[in-house]
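Following this are structure 1 and structure 2, which are two forms of one protein chain, each written alone as structure tokens.
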Structure 1
Amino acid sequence: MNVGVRSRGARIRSAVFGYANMIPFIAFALFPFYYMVITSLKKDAELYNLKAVPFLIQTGVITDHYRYLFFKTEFLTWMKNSLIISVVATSVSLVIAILAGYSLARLRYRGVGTFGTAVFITYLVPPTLLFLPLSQVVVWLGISDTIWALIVTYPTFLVPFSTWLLMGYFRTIPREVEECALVDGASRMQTLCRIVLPMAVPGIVCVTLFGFTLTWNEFTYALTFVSQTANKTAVVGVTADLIRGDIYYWGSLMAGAVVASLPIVIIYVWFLDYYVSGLTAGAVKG
């Protein structure tokens, strides 16, 4: 963002300052993950040795915990379920939220404010006990104990959130752009799809990422609406099979956490780079 003419010294100073600042953040963010990886590769005997150095693996790297995860549990099935559920639920929610968000942010009609508030208020509904009545609805719909139970219910918490986030982004797009398009004879739908959406890409990427993460990590509905091992999601499956009474399978649990987060990390890194660097160039100029 240093556009103006600045001395080389100032630029170097600013770079050093930037990196130095980044280090604590990275350490804070990464350490638990590092610790999970280490734990998943350690022998149990070393893990439970009070004299061992917790940071390191001193008695050899083992893959037993991963092997247990992949071959003794149905981890791959759970991952597949999580993937299907997250992709479908997020996409559906995204479409609904784009429509609603655009309507609430841009169009003027009676009741628009009330609708906006209503959408938001749903987000305030405390989720703790909501799953009980919702489980009735799931049974009425005849989809209990299938992955559809989750695909159908996840948009309930994704849509309000996504709508509001998108409203924020739609508002940053100058009205004149749309008005020009309308004056040129484009229909409203065309304006939305061809003019507004391309300009809201950062917002859409943001919402997609968050929606995907929220569904991927969701726990309560996934636990209560689905019982069969074959239909479980990764998070529920891992905790249901690897925490047994007062015995924790630490190694495999952490292995599960690592493997379950990798696909999203990759998507994130790829998308983020695209939307941050692709758009700084100035797609959002007024």
Structure 2
Amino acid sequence: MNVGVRSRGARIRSAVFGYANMIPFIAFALFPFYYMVITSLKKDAELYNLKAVPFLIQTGVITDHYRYLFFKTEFLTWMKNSLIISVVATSVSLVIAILAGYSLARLRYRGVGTFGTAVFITYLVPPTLLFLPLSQVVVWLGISDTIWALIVTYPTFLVPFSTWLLMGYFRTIPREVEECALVDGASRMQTLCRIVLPMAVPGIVCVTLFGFTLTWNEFTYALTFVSQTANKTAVVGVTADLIRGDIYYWGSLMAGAVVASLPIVIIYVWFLDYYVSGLTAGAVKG
């Protein structure tokens, strides 16, 4: 009996210790979002009061900054542009990455290993080195200052990492399953679509979340290739419209940051398990 009590007490202490260790990390992760929310709900007088406590709301909650954001700016248009660009660019990149990743993981031809390494090295090239030559491509295609400029250029950095990640995940799928399908008369494409892809759902979800997040938050290309207000993304639109010279509309800026971050939060909450399993499997095997 005493042994059972001691064992239960040890488990409780271990659980308490584990949760206590998580508190600093949770606080560190949630603090930026908390600060954005309380800043977006403060009055301007409190925001610019140097004696006010920056981490608390002392003079009452207001929603004026959200009303200004939705009714006095083109924020909803920017959100729509971000959604269209992120969905289309991620979908195109995903299709290319699936075909390239499966080819590099399963097919055997001269230089396959070198190609796989080159794909990953391509991802390591900083985007700031690419936007100048890509701007010439955009002008040559006649799509400058449109959302298509971003849809065309975003796969240049989405495809390499997505391909590398899917290569690792495809290698975790047993070859015997594909060989059985090939022996039964299925073509390589049928094997990919009917056998491999259903088994690779966690990896595909991981790549999709990664691509969507990266395109949603991308700033350099969106700032360089698009200047019309109606074609801007949410990240660039909020920054450009609510920062005027040395005047910062902090309340509306934080309101925009809160609303723009909600789609990312929602999709990660829904697909967190798939994301973790796909990322760890691809990273370990690749």
Partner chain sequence: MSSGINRRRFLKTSAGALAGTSSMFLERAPAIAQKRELTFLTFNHFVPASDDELRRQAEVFAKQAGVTVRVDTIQGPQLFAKRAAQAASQSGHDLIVTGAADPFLYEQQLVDMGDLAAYLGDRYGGWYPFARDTCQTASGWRAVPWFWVAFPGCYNEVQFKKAGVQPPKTWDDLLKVGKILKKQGNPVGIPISHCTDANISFWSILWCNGGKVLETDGKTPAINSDKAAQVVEWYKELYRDAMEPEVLSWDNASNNRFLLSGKGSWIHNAISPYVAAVEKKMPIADEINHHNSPGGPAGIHSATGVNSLAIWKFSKNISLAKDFIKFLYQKENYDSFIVGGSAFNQPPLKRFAEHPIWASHPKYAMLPKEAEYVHEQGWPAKPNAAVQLIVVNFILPDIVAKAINGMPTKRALAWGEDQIRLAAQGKLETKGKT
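Take the two forms, superpose them, and find the largest set of C-alpha atoms that agree within 1.5 Å; that set is the rigid core. On a predicted model such as this, the values are computed, not experimentally measured, just so you know. Numbering runs along the sequence of structure 1, starting at 1.
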| query | finding |
| --- | --- |
| Pair member which, unlike the other, is the form predicted alone | 2 |
| C-alpha positional change at Phe25 between structures 1 and 2 - rigid core reference, Å | 2.7 |
| Between structures 1 and 2, C-alpha offset at Val16 (rigid core aligned, Å) | 4.9 |
